[in-house]
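First comes one chain, alone, set out as structure tokens in the form predicted on its own.
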Amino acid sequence: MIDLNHRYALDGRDLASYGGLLWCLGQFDRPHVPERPVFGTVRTRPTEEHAARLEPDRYMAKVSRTWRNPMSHTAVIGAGMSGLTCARTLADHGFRVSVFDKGRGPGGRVSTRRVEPGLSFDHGAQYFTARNPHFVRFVNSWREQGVVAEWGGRVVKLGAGAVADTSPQPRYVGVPGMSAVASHLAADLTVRRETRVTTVSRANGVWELTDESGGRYGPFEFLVVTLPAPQTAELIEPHPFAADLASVAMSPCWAVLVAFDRRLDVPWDGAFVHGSPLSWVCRNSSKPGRPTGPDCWVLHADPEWSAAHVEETPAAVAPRLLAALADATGVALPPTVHRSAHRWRYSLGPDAADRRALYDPETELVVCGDWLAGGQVEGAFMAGAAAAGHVLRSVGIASGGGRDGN
């Protein structure tokens, strides 16, 4: 009650408002009998009666009015975790936001590949953890809404023929796929899919964008770019940020998606692999909410191996990494019912980076991404939140979470 009062009551944190809350709980009133379910002996007041004592129409007009007219319009390039978090936060604060992404759906590496009924693969981010209190609030909300669930699979380390358990920790996944998180964040946002922005320009205090087909968009007061560092540098050239971003090293990652016709006989569901072309393997079917059927696995190649084979074809990569899986597990692989490969050209950034977002107040340009926040889903989220914070502070609003984290 105190939390709702401080957010929505016109007198806010005024001391008298605490008296009002206590009155609701019966401190200044007599018991009203007979006792009823839920309310007990506390006085009730029908909505119609309460409305007759107030002016609800005036109240709604006051609390729902836009704080700025017209509202600022922000362009967000990239509908991955960072871009969607930024866009979601700004939209929840009343901003007009347009998101542009070259893909067929939002999510970036927080994605799910559905091949056919019964076959799905989280071929990008495999799971995520939550440590930052701000992110934890969102994850708790997503769990309550069924957007994510804790994955209880056994995760081990493989190396030199040995198997060792990893430290226990909560690991979360989207349900029924990792893309569920992106879909949730993107709900009711304006997302222009399959739109590759190739040029950005600023004139007369506003940004305009051009896509590869010559389509033009704008004007935008703010521009937020959430692409990998090399792509961001190319897009915003000759902005001073570009020179620094061009030197940021990002590693590729080959992902193999394979479904076996029967269960692979290993007593674990995910493994960090050492001394192998592989860095990670996972039984995707073990995650909550996944289809039953063939045993679906995702194999991620080691960054060095991926870089050495980055220009090879999926058809050449897949059998090599399947052979590496057999070597790492020492188990004969069952026949496959599906096999494909996907290349993430920009997958891993600097481990030590923790700037989250870069902001230029002269041009109202913001750059962010997981590569500025130590990688991982949580880093991408925090980077997007930081980007939104720069925009909010620029117009005089203290930054905060979106609808799920409040």
Ligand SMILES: Cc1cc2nc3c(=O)[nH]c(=O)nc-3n(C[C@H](O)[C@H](O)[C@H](O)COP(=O)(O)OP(=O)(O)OC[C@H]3O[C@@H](n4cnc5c(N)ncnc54)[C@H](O)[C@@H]3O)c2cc1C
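These numbers were taken from a predicted model, which means no experiment stands behind them. Note that residue numbering begins at 1 and tracks the sequence as displayed.
Not on display, but discussed next: the form predicted in complex with this ligand.
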Next on the checklist: Is His93 part of the interface with this ligand in the model of the complex - any heavy atom within 4.5 Å?
Outcome noted: no
Item to check | Leu257 within 4.5 Å of this ligand in the model of the complex, heavy atoms | outcome: no
Checklist entry - With a 4.5 Å heavy atom cut-off, would you call Lys102 a contact of this ligand in the model of the complex? => result yes
Item to check | this ligand contact at His300 in the model of the complex, heavy atom, 4.5 Å | outcome: yes
Checklist outcome for this item: Checked Gln231, Ser285, Ser72, Ser179 for heavy atoms within 4.5 Å of this ligand in the model of the complex; positive is Gln231
Next on the checklist: Just to confirm, with a 4.5 Å cut-off on non-hydrogen atoms, which of Ser98, Thr329, Thr112, Gln126 contacts this ligand in the model of the complex?
Outcome noted: Gln126
Checklist entry - Counting only non-hydrogen atoms, which stretch in 331-339, 308-316, 189-197, 214-222 is within 4.5 Å of this ligand in the model of the complex? => result 189-197
Next on the checklist: Pick out the residues of 71-86 whose heavy atoms come within 4.5 Å of this ligand in the model of the complex.
Outcome noted: Ile77, Gly78, Ala79, Gly80, Met81, Ser82, Gly83
